[in-house]
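Coming up is one lone chain in structure tokens, specifically the form predicted on its own.
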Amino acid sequence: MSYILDNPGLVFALALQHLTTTGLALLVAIILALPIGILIAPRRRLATLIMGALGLLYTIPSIALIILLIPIFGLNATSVIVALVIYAQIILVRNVVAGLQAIDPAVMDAARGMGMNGWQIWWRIQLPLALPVILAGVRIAVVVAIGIATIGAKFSAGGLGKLLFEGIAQAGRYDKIWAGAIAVGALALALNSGLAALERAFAVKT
């Protein structure tokens, strides 16, 4: 804690970099996951195939995946962001599919019987009912992304992981290692708590 208290400006700047990287990655991941989940939710065979492929990508070690992306996107934050998008897909798509498949078919039939079109059914029925499950997936993806983004500092992506790797490189700088670990943990805990509260709020409304 002494390092954080002595260098609040630096820690804040690195935390902001960390949030920017994970935030951008998760925004792209959600934009991709929603249509994929909507497409495959009613098609169980296709869902099994897509989820299997995404699950296979998820098993690739993060460092190995980022290294594989470097020849395409370069040694920079872009490779880390793309890796985070890939890792988040299995979590987000799975929860989108689970949320949509959990909706009672009778509710959908009733909506069609009332004359709702496809967009109205999605916006007024499917999204509100599936949202708590989708938010649960976002919460898990955020925590995973914050952890993996820490490794991104090794690949010129900045963030709080920079403290960890500098502490390892500089013999005896355990203060930096502890500062990085505490800051990453606090960031993940804060975001997880905030999203959990949001998830509960939507669950009560639905």
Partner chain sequence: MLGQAFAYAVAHLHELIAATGQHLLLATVALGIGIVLCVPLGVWTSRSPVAAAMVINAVNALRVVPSLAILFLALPYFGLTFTSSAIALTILALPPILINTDAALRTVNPAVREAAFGMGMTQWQVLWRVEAPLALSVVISGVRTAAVEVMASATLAAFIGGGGLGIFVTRGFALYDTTILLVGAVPVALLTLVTELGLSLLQRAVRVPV
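Residue numbers count along the first chain shown, from 1. No experiment lies behind these values; they were computed from the predicted model shown.
We do not show the form predicted together with the partner chain, though everything after this point is about it.
May I ask you to state whether Ala98 is within 4.5 Å of the partner chain in the model of the complex, using heavy atom distances?
Taking the distances in the model of the complex, the answer for Ala98 is no, it never comes within 4.5 Å of the partner chain.
Residue-level contact is defined here as any heavy atom of the residue lying within 4.5 Å of the partner chain in the model of the complex; does Leu195 satisfy this criterion?
Looking in the model of the complex, residue contacts with the partner chain do not include Leu195, since no heavy atom lies within 4.5 Å.
Any of the heavy atoms of Leu56 lying within 4.5 Å of the partner chain in the model of the complex?
Because a heavy atom of Leu56 falls inside 4.5 Å of the partner chain in the model of the complex, the answer is yes.
Contact label in the model of the complex: Ala64 to the partner chain, heavy atom within 4.5 Å
Residue-level check for Ala64: yes, a contact with the partner chain.
Each of Ile31, Val133 and Ala157 having a non-hydrogen atom within 4.5 Å of the partner chain in the model of the complex: is that the case here?
No, the whole trio is out of contact, none within 4.5 Å by any heavy atom.
Selected contact from Val138, Ile151, Met51, Ile40, since only one has a non-hydrogen atom within 4.5 angstroms of the partner chain in the model of the complex:
Answer to the contact question: Ile151.
Work out which of Ile36, Ile177, Leu26, Ala47 lies within 4.5 Å of the partner chain in the model of the complex, going by heavy atoms.
Comparing distances to the partner chain in the model of the complex, the residue within 4.5 Å is Ile177.
Check each residue of 143-170 against the partner chain in the model of the complex and list those with a heavy atom within 4.5 Å, in sequence order.
The stretch touches the partner through Val143, Ile146, Gly147, Thr150, Ile151, Lys154, Phe155, Leu164, Phe165, Ile168.
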